[in-house]
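Just one chain is shown here, as structure tokens, and it is the form predicted on its own.
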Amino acid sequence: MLVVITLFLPLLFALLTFLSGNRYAKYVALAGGAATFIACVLLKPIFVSGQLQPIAVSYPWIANPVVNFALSLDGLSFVLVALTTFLVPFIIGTTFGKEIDNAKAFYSLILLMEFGLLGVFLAADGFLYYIFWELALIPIYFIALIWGENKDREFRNRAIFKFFIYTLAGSLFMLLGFIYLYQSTGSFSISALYNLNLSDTEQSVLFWAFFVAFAIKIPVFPFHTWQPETYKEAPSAGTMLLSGIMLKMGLYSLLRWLLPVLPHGVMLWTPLVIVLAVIGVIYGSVIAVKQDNLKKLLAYSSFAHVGLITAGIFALTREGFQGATVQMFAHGFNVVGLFFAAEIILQRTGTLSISQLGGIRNVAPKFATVFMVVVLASVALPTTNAFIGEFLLLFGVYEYNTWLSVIAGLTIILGAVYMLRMYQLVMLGETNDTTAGFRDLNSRELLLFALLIIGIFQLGLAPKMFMTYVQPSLDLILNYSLR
């Protein structure tokens, strides 16, 4: 029952937030996010005789076609639910320093999006999963469209509309795939789909029906063209939701739905997908080096990182799966921290142009320190969360193909180049007219960064507990993927 409560708490508080009015909306939304996180902590799967016991509930919903309101929480879904329920109140907290028009609608949409995201990570019925997948898109579309930061509304509308059309079109292919699977098995149940026998031709076609939807959401090269402008045009809270949580929907779905359901289709197309992912790693890194807009630089950096995660998943090795899961979690912390830093810079200087900044460290040493920690985590410094993930990912890709791992490994060097160069240009040197009045972090901002930094080092120094939770799920998925 607690899993159902955890799922519906954001929906309940979305309604309460809207009814509370603009004055109190952010406080009610923060309370709702915190309550959902507490419910998640209480919800965690338990071990019985050394075996992790998943939590599952199922209620009949639709008689024809047969659809059940089926939820399942195992180690893999738990870490994504935990990431979501931690980051949503964090993201709400980052908005407290600015005035937001129609705040009750803004915060209600954030909580509604959390409801959709949790549904994706918990659904154990294909049709229910698809409903939550689509539901998560609607709030972020309106958040980006209405509260976007670019004053050129026409340009912003084009960018957000492109994002909406891309993701919606991909989702329609996935829906057709689910309909075909239902006709073959008479059920949307994940357990039934895992044991479905299809021909190689069927699996090959269905692979693309699902992969395109997931590749757009992640995104994977060349399905990424919506991402940089959308990240740039969306308000910072929307960008954090997109990069920190929403893209994990695609990565999670590769593991949960694509690989175990269509193993032969995956085997047929793995060489192409890994090549595309590695191209994305290098392409994203090279383009990031040339960016002057801070949010676009971070967008391409995120694109490069998720390319490596995708390659690790399709390597179909234990280490690749481990690295992908660790990096999904670590990337959520790191990218949200980076976009939070970008939001602070924008609020205090009115610009995200790297060439117009400089010398912030001289007037804001606390901000310079915490920003440096997050930057070092993003470039996978040992003892930080991303180091464990990138090591395992490169190890997994190496087991698949040595040369691809060498090429993918260039992301470590290129990542250090563009991230440290960005930090140098923005934070070091002499102050100028733009940065001379930069205010250091207040207590709220310092607390938020402290929470992120604790998470960064917790996973980096003690990854064993994390792996204990996810490994049984990953082993099961790997067994189905290699059958």
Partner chain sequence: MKTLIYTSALGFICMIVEMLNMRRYIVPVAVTGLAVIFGLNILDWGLAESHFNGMLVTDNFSVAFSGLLLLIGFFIVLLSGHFYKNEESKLSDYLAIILFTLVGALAMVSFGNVAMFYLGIELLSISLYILAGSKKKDLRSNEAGMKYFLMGSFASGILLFGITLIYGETASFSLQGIASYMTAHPSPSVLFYVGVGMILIAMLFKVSAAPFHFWAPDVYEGSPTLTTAMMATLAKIAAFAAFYRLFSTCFIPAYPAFAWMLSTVAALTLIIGNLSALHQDSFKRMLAFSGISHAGYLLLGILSLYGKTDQAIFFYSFAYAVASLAAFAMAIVVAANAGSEKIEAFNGLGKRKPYLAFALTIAMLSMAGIPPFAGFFAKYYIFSEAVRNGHVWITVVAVLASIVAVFYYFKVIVAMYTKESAETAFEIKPAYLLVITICVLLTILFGLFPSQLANLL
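This structure is a prediction, so every number in the text was calculated from the model and none was measured. Numbering follows the first chain given and starts at 1.
What comes next is about the form predicted in complex with the partner chain, which does not appear here.
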{"query": "Exercise: Asn64 in contact with the partner chain in the predicted bound form, heavy atom 4.5 Å", "finding": "yes"}
{"query": "Contact flag, Glu149 vs the partner chain in the predicted bound form, heavy atom cut 4.5 Å", "finding": "no"}
{"query": "Tyr130: touches the partner chain in the predicted bound form, heavy atom cutoff 4.5 angstroms", "finding": "yes"}
{"query": "Touches the partner chain in the predicted bound form: Asn157 (any heavy atom, 4.5 Å)", "finding": "yes"}
{"query": "Heavy atom contact within 4.5 Å of the partner chain in the predicted bound form, the stretch among 79 to 87, 285 to 293, 157 to 165, 321 to 329", "finding": "157 to 165"}
{"query": "One residue of Asp74, Glu202, Glu229, Glu134 in contact with the partner chain, assessed in the predicted bound form (non-hydrogen atom, 4.5 angstroms)", "finding": "Glu134"}
{"query": "Contact residue in the predicted bound form, from Ile179, Val363, Leu196, Val275 (heavy atom within 4.5 Å of the partner chain)", "finding": "Ile179"}
